[in-house]
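Look below for two forms of one protein chain, each set out as structure tokens: first structure 1, then structure 2.
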Structure 1
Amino acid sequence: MKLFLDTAHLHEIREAADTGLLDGVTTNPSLMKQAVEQLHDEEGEDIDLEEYIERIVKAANGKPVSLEVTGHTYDDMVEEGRRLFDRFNKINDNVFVKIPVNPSFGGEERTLEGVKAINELTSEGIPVNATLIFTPEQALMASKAGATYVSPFAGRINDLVRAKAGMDWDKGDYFPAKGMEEVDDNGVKSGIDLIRECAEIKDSHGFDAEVLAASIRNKRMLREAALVGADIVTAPPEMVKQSLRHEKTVEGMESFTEDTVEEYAEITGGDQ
């Protein structure tokens, strides 16, 4: 399974690239906004976003970086996709364009324009990450349209199911993969259930796109996304760190440190 970082913070991408864990990066307009605002508020730095994206694309060391369009029509999405690709792909040959599977909103019906844009861009050789996927059939159709990645948003399905059940929750709370009795979203019981169904349809029909599990909110979701067959998980950097933490690991570190005799420390050249 590949591990992508879901962030637009350059320092986080560089940090992950240095560990050898980084297989790619996903961004979206909200993550770009967070990065720009944080640099402004905490560092007093007003960045040139175009140059900043260049640095992100370089920092990913040739691993795929998804950049999202903001348009809502076929024409706008295709135009923006071409612009993003032309501008940034030449740097490291690693840019994917993120296209919403269905850009309808605010009462405007544009149901087919996402898949049509995916089809056009991919036919021009521009690789596409189809985003905002909330049903396995959206994933299937985005794949048929030519997407290389299909991105089901697991955490946001959990939000929806919990809201339907009238629950209160915090963003990072674990939600059981098996969902709850009698509440689901048209048969999808949880975010992990959505990923599992996408992976199953991919396997049974052999669709080409890789299932990229997104909107991962805690380390258990990261594990479960892997267990149900996600090809890729994109996780916020903190989830990657959470996944490496365990109290018994800390305890083991303490006891091994305590038990280190001088002779052994001399051999390793480490601390006693």
Structure 2
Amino acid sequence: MKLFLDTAHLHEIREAADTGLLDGVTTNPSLMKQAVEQLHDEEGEDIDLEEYIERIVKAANGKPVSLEVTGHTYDDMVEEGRRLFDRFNKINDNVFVKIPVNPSFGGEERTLEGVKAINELTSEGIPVNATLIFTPEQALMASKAGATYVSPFAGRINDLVRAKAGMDWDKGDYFPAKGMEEVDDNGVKSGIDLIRECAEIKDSHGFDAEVLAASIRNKRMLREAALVGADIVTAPPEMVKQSLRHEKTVEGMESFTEDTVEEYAEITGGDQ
């Protein structure tokens, strides 16, 4: 399974790259704007958003970076996708364009324009990350249209199911992969169940599109996404660090340190 970092902060991308864990980056305009403002406020650096995107693309070390369009029509999404790819892919040959699977909203019906844009950009050699996927059938259609990645939003499906059940919850709370007996979203029991069904459709029909598990809210969801067949999980940096933590590991380190033999430490050149 590949691990993408969900961030816009350069130091976090570089840190993950140095560990060998980084397989790609997902981000969005809001995160990038916040990072630019933080850079200005904390370090006094005067940099615009376009230059900052260049730095992200470089920092990813050739690993995929997903940049999203802001338009909602077929023409706008295709034009913006071309512009993003032409402007930034030449830097490190690693830009993917995020296209919403269905850009309809506010009563405006554009159901097919997302997959149409995915198909057009793909035919032009521009790799696409089909985003805002909340059903296995959306993942199926995006895959058929040619998307390189399909991104089911697992955490938001958990929110929806809990809301239907009238539950109170905090964003980072764990929600069981098996869901609840009495509540689902058209048969999807949880966000992890959504990822599993997307992966099963891909495997059953031999689609090339990789399932990119998004909206991962805690380290147990990260683990479960891997277990049900996600090709990629995108997670914030702190969640990656949390996945490496366990109280018994800390206890073991303390025990190993206490048991260090002086002569052995001299051989390794380590602390005594």
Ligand code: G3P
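Here the structure is a predicted model, which is why all the values come from computation and not from measurement. Numbers given to residues start at 1 and step along the sequence of structure 1. In this text, rigid core is short for the largest set of C-alphas that superpose within 1.5 Å between two forms.
- Note on provenance: structure 1 matches the form predicted in complex with ligand G3P.
- Here the two forms are laid over each other by their core, and the C-alpha of residue 44 is off by 5.5 Å between structure 1 and structure 2.
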